[in-house]
Ligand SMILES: Nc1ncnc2c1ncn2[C@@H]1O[C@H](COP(=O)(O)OP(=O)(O)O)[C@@H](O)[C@H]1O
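Okay, so here's just one chain, in structure tokens, the form predicted on its own.
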């Protein structure tokens, strides 16, 4: 009898839309062992196409289908980069897809992808569409990573917060007694990236240097914090459907003209403060906060987060726990693929609000 492989590849392309992160992992004996990582940047045309699908537009069904095919080719390239490090056959590729709509309030979420094409290109089983099952069970479909965060980073007797700062930020609070709480806190990098792209033509604010050159504007900060999402009770999730440049521009209209660097400084504080408030709402005290996603490389943002938490809480990258910040989400989806093949639940109803535990994903056999 052949023993099924325990090797999985996880692929993640998030709301920052810079490219696809891939992780090769081994789950033998229910352990989580990272074997290799890869990153494939999106070609400019694909990134532009995906950005264009974030809101309604002409002929968007055809444009989405073409973008999905191009996205599958990027995914296949990432898989190819990982295969030389595999000590055996890959059981499955677990792929998130690219979110272009997230409307749990309307009962749907849309991660564009062509998993059938990816299976054809790679000759490997593909597991995709992880969020829809949770939404069908009346959940938010997000965040899905808290269950993995507990499996990878949880420590009995200690309360930890894991913060993923991609385009959108989300928290997982891993309580000392084994409970897990979490939700999307609001904008992560999405507004900061959009603002620096508009004014300096850069994709992101490296280490938060531009924000550090500006001055926080409290009037603008209060206008931004007036968004009802921030005070909504959990479970809740959000995305570019709410937080986008038009959202920012509307709030800037009510403020005096500000130096662009001051706006960047204020957007950085918005991200830090909403994350800190969310953590404190979930747990009165945490032993440490560990940050992953692109925001973990923004020193100005991390210092702002530490200050917003009161200045006494440890704030560090997940690298100190053994997983580089830019690899956590891809590893999480590899783990969700592993859970799918075991037919074990991948969601946490306490986080997403689903009616119960559900097996997440859909299989596209090679």
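Numbering follows the first chain given and starts at 1. Owing to the predicted nature of the structure, the values given are computational and were not obtained by experimental measurement.
Absent from the display: the form predicted together with the named molecule. The rest refers to it.
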Q: Note which of 235, 239, 166, 104 lies within 4.5 Å of the named molecule in the model of the complex, where distance is taken over heavy atoms; exactly one does.
A: 166
Q: With the named molecule left out of view, choose which of 134, 184, 205, 269 has a non-hydrogen atom within 4.5 angstroms of it in the model of the complex.
A: 205
(Q) Contact with the named molecule in the model of the complex for residue 189, defined as at least one heavy atom pair within 4.5 Å: yes or no? (A) yes
Q) Is residue 293 a contact residue for the named molecule in the model of the complex, using a 4.5 Å heavy atom cut-off? A) yes
**Q.** Contact test in the model of the complex: residue 193 vs the named molecule, heavy atoms, 4.5 Å
**A.** yes
Q. Should residue 353 be classed as touching the named molecule in the model of the complex when contacts are defined as heavy atoms within 4.5 Å?
A. no
Q.
Partner absent here, but in the model of the complex, which of 64-72, 295-303, 22-30, 335-343 has residues with a heavy atom within 4.5 Å of the named molecule?
A. 295-303
